[in-house]
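Quick setup: one chain, the form predicted alone, written in structure tokens, and binding and motion questions come after.
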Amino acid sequence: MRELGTYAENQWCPGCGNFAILNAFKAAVPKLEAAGVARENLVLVAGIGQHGKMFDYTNLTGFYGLHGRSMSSAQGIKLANPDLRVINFVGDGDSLGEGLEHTIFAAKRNAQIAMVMHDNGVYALTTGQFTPVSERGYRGPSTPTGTVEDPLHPLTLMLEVGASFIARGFSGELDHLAELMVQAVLHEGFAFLDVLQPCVTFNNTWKTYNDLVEIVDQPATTPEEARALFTRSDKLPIGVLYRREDVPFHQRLYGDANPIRDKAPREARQAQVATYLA
């Protein structure tokens, strides 16, 4: 069995929540294998940002997407070969800013992709500008006197657009986070995992999260219950917060077909092309 680590030098800041996300994922992979997901069928996709270094530091097949565009790549991979289990690591900035439309439509379609969002409230790679989820008043290079915008709420947004699995984790609860990743990857549909991840350099939220995080053992059973759970002000619930069963997009589109497995032999495809050119 090959190692999950790579030769790449880790460049995250000491104390960054990304270390726990990386280690949680490395712990999740053997659990997925034990559940019947072969490692060669795991595909890792990432965008541009500090979160994207997950691709550099994990020895799995995958694809490095553009900023905000990794979800479109993930959907293409899943549609090309539905047998693959696709994990898309994204940042809150690239997936809810430039890439918001790709995120929304993947959830709307119930594309069978596990989307793991590194949620630190800043564009950390470019030195701490505010993102769509930054709290009002956040001071950074682009908002030196504090942003005047209210943040998006990613969990309620995903509920409204149709995500069939919505969870929240915390980088301070590594074992719990690893289990959430396993459940997200195994879910038959679009799985959104929002990971509360402090950025110690530009937005250090460790104390806030340690004070407020609370593990929830049972998901909400209705959208109304889920919305109330998502928006609690006294605590930050983590766990699988909402889940429903629905047919994944590739099955609606193909049924049980697989374009890779079911493609015609090369000679037959060449002959078909020749008839078009004749």
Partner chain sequence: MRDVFTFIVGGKAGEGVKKSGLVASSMLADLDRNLFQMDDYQSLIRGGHNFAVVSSSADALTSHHLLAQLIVCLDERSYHLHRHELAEGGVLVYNSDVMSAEDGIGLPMTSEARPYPRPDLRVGVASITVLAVALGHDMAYIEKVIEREYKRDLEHNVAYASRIFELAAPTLAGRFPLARGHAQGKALYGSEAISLGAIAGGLDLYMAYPMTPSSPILHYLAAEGPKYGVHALHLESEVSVANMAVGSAFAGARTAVGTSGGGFALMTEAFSLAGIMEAPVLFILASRPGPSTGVPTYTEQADLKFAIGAGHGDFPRIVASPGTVEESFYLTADLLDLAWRFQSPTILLTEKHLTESCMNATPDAARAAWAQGEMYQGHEGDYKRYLCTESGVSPLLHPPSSEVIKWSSYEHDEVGITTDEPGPIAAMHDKRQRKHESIVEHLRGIRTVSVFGDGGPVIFTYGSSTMSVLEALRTGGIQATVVQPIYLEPFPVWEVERYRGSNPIVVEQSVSGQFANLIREQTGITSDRHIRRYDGRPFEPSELAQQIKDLI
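Residue numbers count along the first chain shown, from 1. This is a predicted model, so every value here is computed, not measured.
Not on display, but discussed next: the form predicted in complex with its partner chain.
- Taking a 4.5 Å heavy atom cutoff to its partner chain in the predicted complex, the contact residue among S164, Q183, S73, N203 is S73.
- With its partner chain omitted here, the record of contacts in the predicted complex names 54-62 of 212-220, 26-34, 54-62, 232-240, defined by a heavy atom within 4.5 Å.
- Put simply, A228 is far from its partner chain in the predicted complex: not one heavy atom of it is within 4.5 Å.
- In the predicted complex, at least one heavy atom of E40 sits within 4.5 Å of its partner chain.
- Using a 4.5 Å cutoff between non-hydrogen atoms, D256 does not count as a contact of its partner chain in the predicted complex.
- Proximity of Y123 to its partner chain in the predicted complex: non-hydrogen atoms within 4.5 Å are present.
- Residues of 95-120 lying near its partner chain in the predicted complex, listed in sequence order, are G97, E98, E101, H102, F105, R109, the criterion being any heavy atom within 4.5 Å.
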